[in-house]
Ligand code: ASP
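What follows is a single chain, given as structure tokens, in the form predicted on its own.
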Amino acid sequence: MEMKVVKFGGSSLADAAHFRQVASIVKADPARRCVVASAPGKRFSGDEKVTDMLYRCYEMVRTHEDISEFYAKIAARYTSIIEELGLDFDISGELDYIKNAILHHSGRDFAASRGEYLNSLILAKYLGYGFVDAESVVFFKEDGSYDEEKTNFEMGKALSSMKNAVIPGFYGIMPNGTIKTFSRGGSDVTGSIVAKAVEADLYENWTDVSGCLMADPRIVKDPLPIKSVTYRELRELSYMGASVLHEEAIFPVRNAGIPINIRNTNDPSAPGTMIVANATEYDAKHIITGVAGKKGFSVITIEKDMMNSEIGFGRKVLEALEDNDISFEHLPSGIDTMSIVIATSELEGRCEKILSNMNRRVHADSIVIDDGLALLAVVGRGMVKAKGTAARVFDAISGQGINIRMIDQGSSELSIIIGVEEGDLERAMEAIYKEFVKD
């Protein structure tokens, strides 16, 4: 029998109406047997996510503030969902236990994780599914890293005996028995972990958008959805700020060869975006899969005559970064010049120290740092087969009077990375999108 793991984000489980929509989606396909739930998100503009409210409770206890009134608002979110769904389900004992645990300094991760825990209890009750607490099947090692081997075994064992189950996202357990949360996109990561453990045929990630878009809708008006994207393409776009799925949520299913389908809870008939391991076909009409951009980069430019013939020059430069625990983003170079693109935040307060370290190692003719760089990624598996793609990209940018400060293209030709002034990023993205997606 086909097996699908489905994950629903906070906006999909914000209130009782969304619970009903989620239940109709799950019950519409018998293959949707494992459900991963997030904490309630915002119900309307100006509302607060439950996870953020729980974080605030934790901070209030640390500063010796009374949380009773504020915690009552969190409890009301859950009791209103239960009442509006007409469930005969009393979670007052759970709510009291969680409040007391927070008051007795149970930890920041414990407080934050209770949003998913409570929502999953309610969803399991509403669906008539079994409940599997993430702390019994998701494990971390002593150093805080995720324990993939133990999790895969224990979760696979626990779920193999259940026809249907709801599992809270976002958290697991440390060897000492304390709760630990994943960093970003935690519920997405849990969904991916569950899909791998049960050897799912498909991982459906339900959110409030109809899949990945070819560009940021805040910059490009009504960008087209991406029908199909490979893991490698998505990683390139995610790195540059496309935020439908955090890249950490991709690796478990990518390694297992399980496709991901990004779907819209509010528009379940929309096919969404399929994320697959490999694909040879592409949209010949558009060539590119998407364009994404991000600000906040700096460039260290090193000049030295005969640099290309000096053995170990590049290694010495990068060792200066390694000494300061800094990773670089890109490394475009010429015969007598070498440029290193780094996130500006990594350099704060350390510029002089780093430049001095580099110069001591390589005795450069010149080393300068320029801030205010933005990077654009034009991504598409079809670019390698389409002649003149790079020329079209550069013509589109120059047509807007924008100066290109950096160009970096890998040998795979999966993406072209372009550096422009931060103030030019939005116009550059619009120009590239319009060049490849005609009205």
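Source: prediction; values computed, not measured. Note that residue numbering begins at 1 and tracks the sequence as displayed.
The same protein has a further form, the form predicted in complex with this ligand, not shown here; the description that follows concerns it.
Asks: Considering non-hydrogen atoms and a 4.5 Å limit, does this ligand approach residue 35 in the predicted bound form?
Replies: No, residue 35 sits far enough from this ligand in the predicted bound form that none of its heavy atoms falls within 4.5 Å.
Asks: Is there any non-hydrogen atom of residue 187 lying within 4.5 Å of this ligand in the predicted bound form?
Replies: Yes, contact at 4.5 Å.
Asks: So, residue 378 and this ligand: in the predicted bound form, are they within 4.5 Å at any heavy atom pair?
Replies: Residue 378: no, not in contact with this ligand in the predicted bound form.
Asks: Using the partner position in the predicted bound form, report whether residue 206 sits within 4.5 Å of this ligand, counting heavy atoms only.
Replies: Answer no; every heavy atom of residue 206 is more than 4.5 Å from this ligand in the predicted bound form.
Asks: Using a 4.5 Å heavy atom cut-off, which residue among 56, 405, 49, 392 comes into contact with this ligand in the predicted bound form?
Replies: Of 56, 405, 49, 392, the residue with a heavy atom within 4.5 Å of this ligand in the predicted bound form is 49.
Asks: Pick the stretch from 60-68, 367-375, 384-392, 35-43 whose residues have a heavy atom within 4.5 Å of this ligand in the predicted bound form.
Replies: Contact-bearing stretch, as computed: 35-43.
Asks: Of 116-130, which residues get within 4.5 Å of this ligand in the predicted bound form if you count heavy atoms?
Replies: The one in contact is 116.
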